[in-house]
Ligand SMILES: Cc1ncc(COP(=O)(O)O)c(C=O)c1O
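First, one chain by itself in structure tokens, the form predicted on its own.
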Amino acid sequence: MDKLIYLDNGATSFPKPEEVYAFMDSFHRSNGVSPGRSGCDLSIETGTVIEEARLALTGYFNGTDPDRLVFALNSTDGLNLVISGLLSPGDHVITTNVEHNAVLRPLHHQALYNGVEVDHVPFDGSGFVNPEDFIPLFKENTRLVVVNHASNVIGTVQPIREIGRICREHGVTFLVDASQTAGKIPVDMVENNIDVVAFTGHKSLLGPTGIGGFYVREGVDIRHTRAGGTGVKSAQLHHLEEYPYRMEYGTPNIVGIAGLLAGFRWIKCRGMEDIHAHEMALTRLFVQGLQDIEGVTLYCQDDLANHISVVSFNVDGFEASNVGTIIDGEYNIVCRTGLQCAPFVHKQLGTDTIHGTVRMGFGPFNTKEHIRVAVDAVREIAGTYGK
């Protein structure tokens, strides 16, 4: 089989819509200048595209002020800015075992260097955290609750609305990592009681790598942890207080923002619900196929309600990495193996001791034929060992 089958959309969506490639190319050729640094037409036009992207994403998150939509390198960069800007020495944080290292590592550094205390809420046998489990963990010094909207390992969408309500009742800031969900399912800050939401552009928003950011609800302020040029009020040495300049530093990734906008436009045109329904139909087909194969273990896939299109599994007798190598080399299928940057998920599943899982993630351009080939590949690998 000569044609590549890409099933690693949980890491980065690929390919992108042709409209994304075309818009990035034309934009960079005609408007590849710094925004806000001069009064020339090109600079103004570039700024217009950036502001259109802010407005579009603010609407998606149901925010109220496009200026509070901050662009960063990706969700990891944004989460670092938010976490370090909200926490002080001696604070307490509640998070979960579902988290990606984009949250776990910044929190670990806060614990190590600033004495921040961190508690982790486990997930149940189906892969969901219970909002009630957060309640006894609140303390007088609890400053922040951080929750991954959907697991990049097991695909479970967490009950953030209920968690957010509990945070509001306790007067604690609620930060949601929407890396896996932004562009795939609704992420409404008002309905879900979210104070800050972080996103990345290169996954379900179908943009390029190197762009992401976060939205900050009015009434929530984040300290400066960086400083630099903004192209605004250059005589002022103190970094600007107003958003978005408060949290943006230096020349932005204008081509990345343009690609992000193009990806979002494509999603709006095709219909986010329809895209998600397509991906979940493929997920169900894949899970059903693997359930019939002896020697294959699926994780938290018994009921695909409140899931995204990410599936983790193992094949008895094989290291996950070896399965990935065979699938790549013999079947030309791209997937992800290992701990997927989420060590606490694997620790709770018990897969940390066997070096993780094989993960497949389905995107808008995958087909039923891709699923058939992938299921057949796993069946042949499991059957070979069985013989």
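If you're wondering where the values come from, they're calculated on a predicted model, not measured in any experiment. Position 1 is the first residue in the sequence shown; the rest follow in order.
In what follows, reference is made to the form predicted together with the ligand, a form of this protein that is not presented.
Participant: The ligand isn't shown here, but in the predicted bound form which of Ser204, Ser312, Ser309, Asn148 has a heavy atom within 4.5 Å of it?
Facilitator: Flagged contact: Asn148.
Participant: Within 4.5 Å of the ligand in the predicted bound form, heavy atoms considered, which of Asn74, Thr230, Gln158, Asn192?
Facilitator: None of the others qualify; the residue that does is Asn74.
Participant: So which stretch, 279 to 287, 240 to 248, 96 to 104, 160 to 168, is the one near the ligand in the predicted bound form (non-hydrogen atoms, 4.5 Å)?
Facilitator: Of the options given, it is 96 to 104.
Participant: Heavy atoms within 4.5 Å of the ligand in the predicted bound form: does Asn152 have any?
Facilitator: Answer yes; at least one heavy atom of Asn152 falls within 4.5 Å of the ligand in the predicted bound form.
Participant: If we check the ligand in the predicted bound form, which of the residues in 160 to 196 reach within 4.5 angstroms of it by a non-hydrogen atom?
Facilitator: Read in sequence order, the residues that approach the ligand (within 4.5 Å, in the predicted bound form) are Asp177, Ser179, Gln180.
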